[in-house]
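Have a look below at one chain only, the form predicted on its own, in structure tokens format.
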Amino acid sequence: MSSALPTTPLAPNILAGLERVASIFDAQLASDFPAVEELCRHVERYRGKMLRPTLVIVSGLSFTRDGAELRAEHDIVAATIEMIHMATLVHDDILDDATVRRRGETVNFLRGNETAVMLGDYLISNAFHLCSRAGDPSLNLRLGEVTNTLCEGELVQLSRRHDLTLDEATYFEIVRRKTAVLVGAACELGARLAGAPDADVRAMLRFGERLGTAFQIQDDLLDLLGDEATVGKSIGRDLEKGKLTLPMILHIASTRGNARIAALDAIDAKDGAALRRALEASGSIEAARARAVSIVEEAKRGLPRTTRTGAQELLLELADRVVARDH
């Protein structure tokens, strides 16, 4: 994320914040056991664009005076949220039998599922140990609530694998729980720690959750349409694991006869090429993409007025990038 920041007066503040977050992250996971240290250094490659820490920092800067610095708690919360996110990626790779993440081999592929399970647990444990250093029990309570919700979302999704009756409402609730709540918390806590009014904190939460929802729709589209070299991780896992995503749900709900049967047969056979042809013919892929864009536009309309020069424009641009990305 840091290398792709838009031109903004806030860029130096954001880059400095992300460097602090990376240092906190690395220090928290440092281990005197070489086997653990090697795994933690490997998983640090998963950080990628650091969207969630960026949103904590930008949301915090949005409600501070021009020239004012963020609090140390912003850095701790940003690193904690990224560590929770990393844990979900490690566990997701196990659930999906994925072999590639960030253009490198996954932990489960390198070391097996047992090691990957324990590493994910280790990341979660360290995340809450780190968060306790902020000295504010309400942060632990809020992020604990969010982490519970992430797990609920994954459990519900697991219970609905291979379920061709999955509807839009259930899909969006799964997405809200397993993805959007953590993005929402990043925006919410960034604003709250900066002293934003309660109404603005709630508005930032809604902004982040909408971004997270659109992010997941785009992720689902990339899994269906992308290539591994560009996306940088294993693709086609949703179809392989029986996870219905928005374009599939829209197609099943809107078609009848041979068009519907062709898609159902492709899903049953796990034939990605045939499924893509069916969804493209029905317009379901474009409809899903349009839904993601619409959710981003809704998020942008709901942004509260920020107090720092350039902050509003930066949040709007970051929102647009969620659906414009190809990895």
Ligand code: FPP
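Treat the numbers as computed from the prediction; the structure is a model and nothing was measured. Start at 1 with the first residue shown and count on from there.
Separately, the form predicted together with the ligand exists; it is not shown, and the next lines address it.
- With the ligand left out of view, the stretch that reaches within 4.5 Å of it through heavy atoms in the predicted complex is, among 250-258, 150-158, 200-208, 134-142, 150-158.
- Of the candidates L166, L89, L225, L130, L89 is the one whose heavy atoms come within 4.5 Å of the ligand in the predicted complex; the others do not.
- The candidate spot formed by T64, R192 and L303 lies out of contact with the ligand in the predicted complex, as no residue has a heavy atom within 4.5 Å of it.
- A residue is said to contact a partner when one of its heavy atoms sits within 4.5 Å of a partner heavy atom; H74 fails this definition for the ligand in the predicted complex, lying far away.
- Contact annotation for M118: none of its heavy atoms lies within 4.5 Å of the ligand in the predicted complex.
- Looking at E105, you'd find every heavy atom of it more than 4.5 angstroms from the ligand in the predicted complex.
- At a distance threshold of 4.5 angstroms between non-hydrogen atoms, N126 is out of contact with the ligand in the predicted complex.
- Contacts between stretch 165-188 and the ligand, counted in the predicted complex as any heavy atom lying within 4.5 Å, involve K178, T179, listed in sequence order.
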